[in-house]
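Below you will find one chain, with nothing else, as structure tokens; this is the form predicted on its own, and questions on how it binds or moves follow later.
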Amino acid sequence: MTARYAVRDIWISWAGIAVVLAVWQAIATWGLINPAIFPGPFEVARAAVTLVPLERVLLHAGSSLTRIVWGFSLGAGLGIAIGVASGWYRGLGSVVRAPIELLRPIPPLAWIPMAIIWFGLGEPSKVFIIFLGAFFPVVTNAYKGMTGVDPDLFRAAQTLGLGGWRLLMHVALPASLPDVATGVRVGWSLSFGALVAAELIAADRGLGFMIMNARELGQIGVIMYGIMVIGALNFLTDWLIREALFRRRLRWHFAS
């Protein structure tokens, strides 16, 4: 992708965000939905400025990002390892695929009681819930990438004398990287999706805690503000991941 098209896409993305904000504000201004339960962006910004100091938001955001990084790192690391191994060793894949497919549809929220029993009310239980959000999309995409490698690549490499671990490291893994990278991005986003559920577990800080505390106080603007902060953090960090994985490491794949 040329720089001109990249800049164009950035402007289109920001224009889309501006349109959504404008429609949102119009709905609130015209009273199509009760502003008391659906405040517009100006009201949300006013509530953010008056009710939530910036340093408090940064504290909550830092706590949430720390939990997400830990949960995602564990989930993505284990997901890549199991996905690659089960895709390379078909016997292992036959064993682990059924349990993964059985557990994959269960939402992280359903695991909260077991997380409390297993890990207590501290940080490990919160990290575990986020871990679940990241693990399943990563392991699924890593497995898909490994099993979807073109057999002609293997045959060509074997004619050159590659086999065993060398075949895995120099052919299978590089060919599966686009799917692995997609799984990483999906897992990262779902880690944010599991964040609020994780911070239901006796949290005293974090963006999920801020949202739930605002609900108890009836501060609808703060709730909307917290949701927007989570979305903005996910948008920014996903862009960084996309640039690191897709634009730099996988240029050979997406340039074609």
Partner chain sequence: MGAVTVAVLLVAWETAGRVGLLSAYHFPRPSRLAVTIWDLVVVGFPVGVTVWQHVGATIARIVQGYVLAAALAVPLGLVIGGVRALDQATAPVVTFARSVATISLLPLAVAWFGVGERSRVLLIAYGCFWVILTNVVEGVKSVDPELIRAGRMLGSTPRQVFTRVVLPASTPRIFAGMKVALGLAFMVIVGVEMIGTIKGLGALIMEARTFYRSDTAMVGMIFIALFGFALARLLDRLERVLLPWSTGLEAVER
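If you superpose the two forms and keep the largest set of C-alpha atoms that fall within 1.5 Å, you have the rigid core. Owing to the predicted nature of the structure, the values given are computational and were not obtained by experimental measurement. Numbering follows the first chain given and starts at 1.
Just so it is clear, the following notes concern the form predicted in complex with its partner chain, a form of the same protein that is not shown.
Chemist: Tell me, which of 148, 99, 77, 122 has a heavy atom within 4.5 angstroms of its partner chain in the predicted bound form?
Modeler: After the contact test, the surviving option is 99.
Chemist: Is it the case in the predicted bound form that 38, 94 and 112 each bring at least one heavy atom within 4.5 Å of its partner chain?
Modeler: Each of the three qualifies.
Chemist: Can you check whether residue 203 is within 4.5 Å of its partner chain in the predicted bound form, heavy atom basis?
Modeler: No.
Chemist: If we define contact as a non-hydrogen atom of the residue within 4.5 angstroms of the partner, is residue 56 a contact of its partner chain in the predicted bound form?
Modeler: Although its partner chain is absent here, residue 56 would stay clear of it in the predicted bound form, with no heavy atoms inside 4.5 Å.
Chemist: Contact with its partner chain in the predicted bound form for residue 231, defined as at least one heavy atom pair within 4.5 Å: yes or no?
Modeler: Yes - in the predicted bound form, heavy atoms of residue 231 and its partner chain come within 4.5 Å of each other.
Chemist: Is residue 17 part of the interface with its partner chain in the predicted bound form - any heavy atom within 4.5 Å?
Modeler: Because a heavy atom of residue 17 falls inside 4.5 Å of its partner chain in the predicted bound form, the answer is yes.
Chemist: Of 185-219, which residues get within 4.5 Å of its partner chain in the predicted bound form if you count heavy atoms?
Modeler: Contacts from 185-219: 185, 186, 188, 189, 190, 193, 196, 197, 200, 201, 211, 212, 215.
Chemist: With both forms fitted on the core, give yes or no for whether the Cα of residue 38 moves by 2 angstroms or more between this form and the one not shown.
Modeler: Yes, the C-alpha position differs by at least 2 Å between this form and the one not shown.
Chemist: Establish whether a shift of 2 Å or more occurs at the C-alpha of residue 204 between this form and the one not shown, with the two forms superposed on the rigid core.
Modeler: Comparing forms between this form and the one not shown, the residue 204 CA shifts below 2 Å.
Chemist: Core-aligned, does residue 62 move its Cα 2 Å or more between this form and the one not shown?
Modeler: Shift at residue 62: below 2 Å after core fit.
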